[in-house]
Structures are given as structure tokens and as C-alpha cells.
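What follows is a single chain, given as C-alpha cells, in the form predicted on its own.
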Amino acid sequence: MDIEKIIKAYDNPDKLINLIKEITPTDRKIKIMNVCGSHEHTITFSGMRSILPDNIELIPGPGCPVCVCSESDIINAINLSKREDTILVTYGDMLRVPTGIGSIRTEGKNYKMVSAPHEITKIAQQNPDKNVVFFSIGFETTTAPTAAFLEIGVPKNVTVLTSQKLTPEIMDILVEDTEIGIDAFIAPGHVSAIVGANAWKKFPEKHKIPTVVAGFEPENLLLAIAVIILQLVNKKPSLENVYRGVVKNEGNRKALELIYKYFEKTDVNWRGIGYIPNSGLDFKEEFGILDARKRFELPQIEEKKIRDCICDKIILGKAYPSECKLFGKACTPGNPKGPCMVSGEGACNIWYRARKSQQGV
């Protein structure tokens, strides 16, 4: 049975669940990792784990850019906001991410929240005597708007503190970690819309594991899981795209062109994971005037582990949020102790809200 026949014949969740139950081998554990916070949200809130065969394990991975933003970058952002001549601007979730010295909200001084890069221009124009630093974080989906913002042209008093990560590179590290033992990937839908389905070809070709690009509706994720199980049963790993209305093989060429006009790959630190070669983006030399790191000579600050927090293991797919002794007790969305509890895309935040929803709170 090929993917086209599955799409035509299994056109609702009940049929897909029955298909998965029929074809799933019972003699082994199957670990499928998603690397998208929105996927994890759908999986958790739909109760998908409870209706699939017991030996299918759906593992949340590093799908939240807020969770993996390095502590060094956040502390540098805090310190920049304390300068009288500077205004720090960033996305709302970043204001609450904890570090060893606190968060931007608790320890920062001159900062503003934005929901999109274009808002920065107005702030800069209203404060011509201030340095306006855009703390830009995220995966490819948020890097594209940042590049578009730069292409339009920014006021002279604007610089950018980049903390942008590349998803395919982290997946390379994860699949090679035998402690995790990943059997297949559900590739992130939003990121794939930028980088293209072909960005994931190396996983079935190099690592011999099924990889399926999926959307965010439960039935689309169930379709992806069914395709993965068939590939495992037939021992024919391949790349498939079941989110075709949004994701093209080549991705968004214009967005990629803009990203790599201003940025180039570099080694970066992923919080809780460490430095990964060529897994982030930094300004090309000719655009150094826009680089806040160079403008303010920002140091690299050693990362410190948060006591009793296991966000590092959760991000790597080595533990679930419920296994953390802080989860739902000392650590809640209203009082996050670790980065995984801050954003709506963080696994701990998702699991906490799902638990409260089930309890009717």
C-alpha cells in the first residue's frame, strides 16, 4: 500500500487509527520524534498517545526555539537593557525565560515587546537618541521575517542580537544519539514551509529512518504515523510529505534567498544541548554593522544548569515533562523555573495546560 492509496482510502481519524493498529508490529517499541511545538500540542491535547498501540512512543523533541535559546544570549540581552542609551526589543515569550540571574522581565530595565519585526522601525524612529537592539530568536520560520525586515532597510540606530537556530542540524545530532533510539521523524510543518520537504532527505538516505512532513490537524498527524509504520514494516525508509497544500519540495525560495543574503551558518550553543557545528546563523561580514554582538562587544557567558530542572533531557527526548520533580509544583507557566515551561510551544507548558484542561481547571 502506497501513500496515495492511504490518502484516498483512509479519509478520517477512525480509519487511520484502525489502520495503525492493524499494521503496527507488536514485537518492538517504535519511537517517533516530533520536533515541532505545534505538533506536540496537537498530539497531547487530542489524547493521541492514549489511542495508539502501547508500543508506539511519540517523543517530543526540541521543537520550541524559546527553550533552546542559549542562556548566554539571554543574559547579554538583560545587560543590554540595563544600558541607559539602549532599548531592547524582543518577542513576548523571551521576556520570561529564566536564567541564572533572572529573566529580562525581572532583571531588565529598558525593554519593549514586539509581535513582529516591522514594529521595531517605529520604536527606533521615536527614539533616535537610543540604540535599539532587536533580540531575534527562533528557527527558520522566524528568521525569514527578520531577513525581510533587514531587506526593507532599518534605521541607523537599530542592531540585531541574533540567536537563530537551524532545525535539520539538530535532528542530525538527535538521530545519532543511541540513548534516544529514534526510529522515525515527523518533520516540522512550519519550518518545512520555509526550507522545503527536500531538507529532510538525508534522514532516510543517510540514517535509514522514515521521515514524514506533517501538518497540525490530528488526522494529518495520524496519516503521517501510518505512513511511518508502513515504511518500518516494509523496511523501506523514505521521505514523504502529507502537508502538500503548504509545503513544497523546494520550500520558499524567496525566503531562503533573503535569509542567506544576510546570514551564514555558524556554530551555536543550544541550551541544554551544547555547541553544534553549523546549526545557527550569524551575520555575514559585510553586514557586521547590523550585528549587536560586534557593536557592543558582547561576551560568551558560561551556561549554568537550573537545579532539579530536566529541560535538557526533555528537549533531547530522553525524558517526559511529568518526570521532572519541579513539574506542576515549583514550576508552572505562571512561575517557570526552566525554559520548557515558558512558551506555548514548550513541552512542559503544553503538558501542564493539557493536564489542567483534563482536570477541568
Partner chain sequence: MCVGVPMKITEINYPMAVAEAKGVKRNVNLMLIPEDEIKVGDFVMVHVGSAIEVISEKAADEIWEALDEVLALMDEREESGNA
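Keep in mind that what you see is a predicted model, and the values were worked out from it rather than measured. Numbering follows the first chain given and starts at 1.
Below, we refer to the form predicted in complex with its partner chain, which is not included among the displayed structures.
In the model of the complex, which of the stretches 177 to 185, 267 to 275, 252 to 260, 103 to 111 has residues with heavy atoms within 4.5 Å of its partner chain? That would be 252 to 260.
Residue contact check: residue 21 to its partner chain in the model of the complex, 4.5 Å heavy atom: No.
Even though its partner chain is not shown here, does residue 65 get within 4.5 Å of it in the model of the complex, heavy atoms only?
Residue 65: contacts its partner chain in the model of the complex.
Notebook entry, point to check: Taking the shortest heavy atom distance, is residue 353 within 4.5 Å of its partner chain in the model of the complex?
Noted result: The answer is yes: residue 353 has a heavy atom within 4.5 Å of its partner chain.
I'd like to know whether residue 117 contacts its partner chain in the model of the complex, with contact meaning heavy atoms within 4.5 angstroms. Although its partner chain is absent here, residue 117 would touch it in the model of the complex, with heavy atoms inside 4.5 Å.
Worksheet item: Just one of 141, 131, 81, 231 has a heavy atom within 4.5 Å of its partner chain in the model of the complex. Which one?
Response: If I apply the 4.5 Å criterion carefully, the residue I get is 141.
Of the options 137, 226, 212, 158, which one has a non-hydrogen atom that comes within 4.5 Å of its partner chain in the model of the complex?
-> Exactly one listed residue reaches within 4.5 Å, namely 137.
Discussion item. Using a 4.5 Å cut-off on any heavy atom, which residues of 209 to 227 would contact its partner chain in the model of the complex?
Written reply: The stretch touches the partner through 216, 217, 218.
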